[in-house]
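Given next, in structure tokens, is a single chain: the form predicted on its own.
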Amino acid sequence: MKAWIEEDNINYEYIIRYLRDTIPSPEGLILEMEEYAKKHEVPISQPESIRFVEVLLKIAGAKKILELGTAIGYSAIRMTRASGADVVTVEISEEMAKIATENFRKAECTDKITLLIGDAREVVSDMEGEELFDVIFVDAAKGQYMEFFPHCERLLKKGGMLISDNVLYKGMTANDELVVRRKITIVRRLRNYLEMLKNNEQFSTALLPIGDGVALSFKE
């Protein structure tokens, strides 16, 4: 069966299919969640992107992860299963939070995942700086990445990783010809975010063209 190719994936279709042939096929709850996301048009991390994150977590030996943007709980489950880490995840939608909570129960990882409901900007601003995380995964509102950053910087331990998903945003971040009018503000903000990361001496950043674009930043 041919893989479902998301409209926001920035790579050629033949590359996407090849990449997905190199990773294990989803089964059980993960497959169910992917099918649910497709049917209900819920944005979740793309298979090659979340696989990359899983491997990074194993390499880093991550024990404590902060995720901004829970959706149905797909990436939180995959991250804790891959690394055994405790995950604190933030979701603004109560409807999505209910679905995620049920998925956490099905995955038998309610003891590993803490779900906080609210605007991520407000939730992280209330977190104490002593609660340092090994990894922070940002996958919430794309136009707010710059607003999240000061809190991510404060809450991420030295030697930790900041992973920002969807930063190439259907290729629009990289090419003016692809930008649609209603997305101009988001694209501008994402460009400013990536420019800030490039010039930030406290972080070393690599931008990777997988999925919808992933920025990997190491806190010096």
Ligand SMILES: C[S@@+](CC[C@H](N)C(=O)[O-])C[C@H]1O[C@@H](n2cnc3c(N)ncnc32)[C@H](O)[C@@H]1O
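Because the structure is predicted, anything quoted here is derived from the model rather than measured. All residue numbers are counted from 1 along the displayed sequence.
One more form of this protein, predicted together with the named molecule, exists but is not displayed; see below.
- Checking A100, V135, A120, I113 against the named molecule in the predicted complex, a heavy atom within 4.5 Å turns up for just one residue: A120.
- Heavy atoms within 4.5 Å of the named molecule in the predicted complex belong, among the stretches 64-72, 173-181, 191-199, 150-158, to residues of 64-72.
- Looking at A107, you'd find every heavy atom of it more than 4.5 angstroms from the named molecule in the predicted complex.
- Among residues of the shown chain, V187 is not one whose heavy atoms approach the named molecule to within 4.5 Å in the predicted complex.
- Taking the partner from the other structure, the named molecule in the predicted complex has a heavy atom within 4.5 Å of a heavy atom of A141.
- V90 belongs to the set of residues with a heavy atom inside 4.5 Å of the named molecule in the predicted complex.
- Contacts between 34-66 and the named molecule, taken as any heavy atom within 4.5 Å in the predicted complex, involve P43, I44, S45.
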